[in-house]
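Encoded as structure tokens, the following chain is the form predicted on its own, with no partner shown.
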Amino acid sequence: MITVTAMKWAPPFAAGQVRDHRVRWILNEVDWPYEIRLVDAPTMKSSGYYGELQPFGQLPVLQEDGRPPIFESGAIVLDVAMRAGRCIGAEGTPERAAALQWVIAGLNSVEPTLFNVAEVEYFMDDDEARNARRPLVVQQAKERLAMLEDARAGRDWFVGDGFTVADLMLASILKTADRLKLLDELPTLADWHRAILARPAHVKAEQDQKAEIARHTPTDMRYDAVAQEAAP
């Protein structure tokens, strides 16, 4: 059986976007059954997790009987798609190379620019510093999104004639752009994004994650235990 780690709770702006939703999505697409292992902050910092499953104490991690654990959402999505032979071109084909290319491009060339905006909006407490930085990071993100839309060139899919991990990863990443209203000036990209997220496999992944988060509170994450352990 496949087991995927996920946080018991996340703040409202992150519900439906925590990266384990990508793993749930691809597993739903290929029709592989899986279980979710909900973890708290002390668990993620424990030697059994940090030391054995995920060297940075993050999630998701995919565990499967008879195989070593896999971490990083992009790596997991690619591994599942390639083993299932679905949502990715056949080995050695240009379609597979293109799908790999777009997954990596999404994670390396698109997502960091969106994180910069999210950091300003959600994590900066200094109003003066936030207001000084916001215009620059917003402009950079908008420019990168416009480049992405130019590369899509109006196609329904980023690779080939059907849905692939390229569409999955890019649509997942663009959730942040949509929440930050960075797609407002790119209506055709926004339409593509909505169409991809309407896939039943994604809808189930997102709904399942949101339902689990809604059943918990920050107390369930036990952040206080981690803080006490770190105190001198």
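None of the values given here were measured: they were computed from a predicted structure. Numbering starts at 1 and follows the sequence shown.
Beyond the structure shown, there is the form predicted in complex with a small molecule, which is absent from this document and is the topic of what follows.
- Proximity to the small molecule in the model of the complex, defined as a heavy atom within 4.5 Å, singles out one entry of L180, I196, L27, M44, which is M44.
- For the candidate set A205, L59, L168, L174, a heavy atom within 4.5 Å of the small molecule in the model of the complex is found for exactly one residue, namely L59.
- Highlighted residues R19, R22 and S73: every one comes within 4.5 Å of the small molecule in the model of the complex, counting any heavy atom.
- Considering the small molecule in the model of the complex, the lone stretch of 44 to 52, 159 to 167, 29 to 37, 186 to 194 in range is 44 to 52 [heavy atom distance within 4.5 Å].
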